[in-house]
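Only one chain is given next, in structure tokens, and it is the form predicted alone.
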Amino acid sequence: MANTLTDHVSARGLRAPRFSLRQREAIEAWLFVSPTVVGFMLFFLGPLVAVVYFSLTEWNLLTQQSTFVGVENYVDALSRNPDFWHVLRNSFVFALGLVPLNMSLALMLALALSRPFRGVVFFRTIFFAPVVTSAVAWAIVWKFLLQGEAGAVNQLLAMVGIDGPNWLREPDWAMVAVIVTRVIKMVGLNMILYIAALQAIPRDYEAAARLEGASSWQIFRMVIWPLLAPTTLVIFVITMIGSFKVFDHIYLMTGGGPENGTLVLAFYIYEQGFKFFNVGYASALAMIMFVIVLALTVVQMILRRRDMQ
């Protein structure tokens, strides 16, 4: 009986494993990455393929009738619809106003708050707080603050003798007001990224430059700024993409007005898809916006890489 049991255990111990070590490691690796892969397929690749297909159709969301029209939506947007070019111009104006203002202000704040001093944590918190504030609440509050004569902003300007405009009702000022309020909300994020980059620069570089007699401006221009180039590229790409995707700010503060003066591409896509139910045309506009943002990002990366070399 004892010999039979020993033989049975020995037989089980000598049984070859079902999977080799390499196969088990491969299975474990796929199990670890599978949530990310499934999420990528469901929430990015799948919708992207669907948008590409919808952009080639004339699909009315209300009637649920879909007709394959090829590139007709793209031709209509680029050559027959003057509103598209007006909206595209507004998007570039918004980006060109927001990106330099946001990045320059974030860099100045980071330079001022990167060194330890009494109260530095308080000031960092103050400037970062709008980033985590609800975008809806932020836009609604600023909408009230910028109301004509009753708004708090114009009342403060009146105290110093300045007659402020009706910010959100005048076409020349509405875009400015939207850009500035957006910058105030998001500048804290870029400030934190710049602070992290500044604190990673060894102090020895600055000390050596000072021993050579370099001024503070020369140290920034010749030492700090080149070392901030990778971070600046990341911040530029993030801010540029965010400026083209802005929607909630426009929707809540101006609704695209006045006189379509703040109607940007993301909001125009929303209107075409969910207000006029032209899903096919809205999908084509979304793909055009995707190509524009991708092209701007690639060009910027090539230019920055050339500068770094």
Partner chain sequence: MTTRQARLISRTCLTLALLVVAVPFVFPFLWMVSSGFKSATEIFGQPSLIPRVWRWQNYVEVFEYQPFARQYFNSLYIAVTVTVLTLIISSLAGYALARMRFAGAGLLMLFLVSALMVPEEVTIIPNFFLIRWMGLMDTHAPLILLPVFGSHGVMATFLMRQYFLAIPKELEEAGKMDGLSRFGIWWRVALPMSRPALAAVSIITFLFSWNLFLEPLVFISSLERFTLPLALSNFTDSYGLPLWHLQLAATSLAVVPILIVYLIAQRQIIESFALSGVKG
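We call the rigid core whatever largest set of C-alpha positions still superposes within 1.5 Å between the two forms. Residue numbers count along the first chain shown, from 1. The structure presented is a predicted model; accordingly, all values stated were derived computationally and were not measured.
Keep in mind the form predicted together with the partner chain is missing from the figure; the text below concerns it.
Student: Work out which of 205, 225, 85, 123 lies within 4.5 Å of the partner chain in the model of the complex, going by heavy atoms.
Tutor: Checked against the cut-off, the match is 123.
Student: Check 28, 150 and 193: does every one of them have a heavy atom within 4.5 Å of the partner chain in the model of the complex?
Tutor: All of them do, each having a heavy atom within 4.5 Å of the partner.
Student: Report yes if any heavy atom of residue 130 sits within 4.5 Å of a heavy atom of the partner chain in the model of the complex; otherwise report no.
Tutor: Residue 130 belongs to the contact set for the partner chain.
Student: So, in the model of the complex, is residue 184 in contact with the partner chain at a 4.5 angstroms heavy atom limit?
Tutor: Yes - in the model of the complex, heavy atoms of residue 184 and the partner chain come within 4.5 Å of each other.
Student: Taking 4.5 angstroms as the cut-off for heavy atoms, does residue 18 touch the partner chain in the model of the complex?
Tutor: Answer no; every heavy atom of residue 18 is more than 4.5 Å from the partner chain in the model of the complex.
Student: I'd like to know if residue 134 sits close to the partner chain in the model of the complex, meaning any non-hydrogen atom pair within 4.5 angstroms.
Tutor: So residue 134 counts as contacting the partner chain.
Student: Tell me, please, which stretch of 112-120, 89-97, 215-223, 67-75 lies within 4.5 angstroms of the partner chain in the model of the complex when heavy atoms are compared?
Tutor: Of the options, only 112-120 has residues within 4.5 Å of the partner.
Student: Within 32-65, which residues have a heavy atom closer than or equal to 4.5 Å from the partner chain in the model of the complex?
Tutor: Those in contact are 32, 33, 35, 36, 37, 39, 40, 42, 43, 44, 45, 47, 48, 50, 51, 54, 59, 61.
Student: Once everything's superposed on the core, is residue 287 shifted 2 Å or more at the Cα between the shown form and the other one?
Tutor: The answer is no; the displacement is under 2 Å.
Student: Inspect the rigid-core superposition and answer whether the C-alpha of residue 241 shifts by 2 angstroms or more between the shown form and the other one.
Tutor: No, its C-alpha moves less than 2 Å.
Student: Taking the rigid core as the superposition reference, indicate whether the CA of residue 255 shifts 2 angstroms or more between the shown form and the other one.
Tutor: Superposed on the core, residue 255 moves its C-alpha less than 2 Å between the shown form and the other one.
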